[in-house]
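The chain that follows stands alone, in the form predicted alone, written as structure tokens.
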């Protein structure tokens, strides 16, 4: 069995910077035609100069002319003129909002949505998408649910603002998605595949620990229903978030699942299992292109039901990163079709 995908997109990707980016960026560029690049570096990407410089570094590290980095700014209180300048930068895509301190490198995030309103209004007028990490500071299993009123507030106060609920993890978030036409969502491979029981049920598996944390089986089922039905406002976003192996295998383990090199093969495994391979193109490309008017480079990927042996680590440039499914054999593999 096989399926061909045209210009798959990863709508939520971390490639970090420096030597780590040199290792991981080509692993996404190999099979994806483009990706939305997260801005939470240290310091974060917050202005024209840092955006242009980071975009250049990403392109150089990806080393693939058929890979389009879609760049984002870290949310702060921007003036309308700041945002107009951003719109002139090639590859600029959106602004990413992090509540302060909720995830990796987000300490400079938003303290109050009320103070963010002028920037949000300008984004609405300029048609700049808003991407949101939707978690509170509450009990870890409740953080997404506690943030849902904020999504309702944003959707109602800014009805023309295109708002993406990033990496949703709960059935409750799936319900909110259908309440407002200006909401969309990304879903990760690991949240379609795993629950909290997989992370902690028998032993702590640090390479499955991420934020937002995996939830219950009923939540995973709700996410599967969205993805497998090709819901028109749901897209694939890997949230692939590499950390050095020693920062995952330690007492204060960093949050993040590194899925980039196995993302499409892993999705094929899930969609094939549910006999929904015909919906995969919409999930990994078509919905995003329609929602945002994207025209990614042409890249054709062939997925076959031939086994992929996933390496224990990816090592280069002095970095070692452990991928999702490390050491396992998964039943699907990906290759590029040379035209």
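Everything numeric here is computed off the predicted structure, so don't read it as measured data. Numbering follows the first chain given and starts at 1.
Separately, the form predicted in complex with a small molecule exists; it is not shown, and the next lines address it.
The small molecule is not shown here, but in the model of the complex it comes within 4.5 Å of a heavy atom of residue 210. Using a 4.5 angstroms limit between non-hydrogen atoms, residue 148 is distant from the small molecule in the model of the complex.
Within 4.5 Å of any heavy atom of the small molecule in the model of the complex lies no heavy atom of residue 113.
Among residues of the shown chain, residue 122 is not one whose heavy atoms approach the small molecule to within 4.5 Å in the model of the complex. With the partner omitted here, the stretch from 69-77, 249-257, 148-156, 196-204 that lies within 4.5 Å of the small molecule by heavy atoms in the model of the complex is 249-257. Just one of 104, 182, 225, 136 comes within 4.5 Å of the small molecule in the model of the complex, counting any heavy atom, and that one is 104. With the partner omitted from this view, the residue of 269, 231, 220, 243 that lies near the small molecule in the model of the complex is 243 [heavy atom within 4.5 Å].
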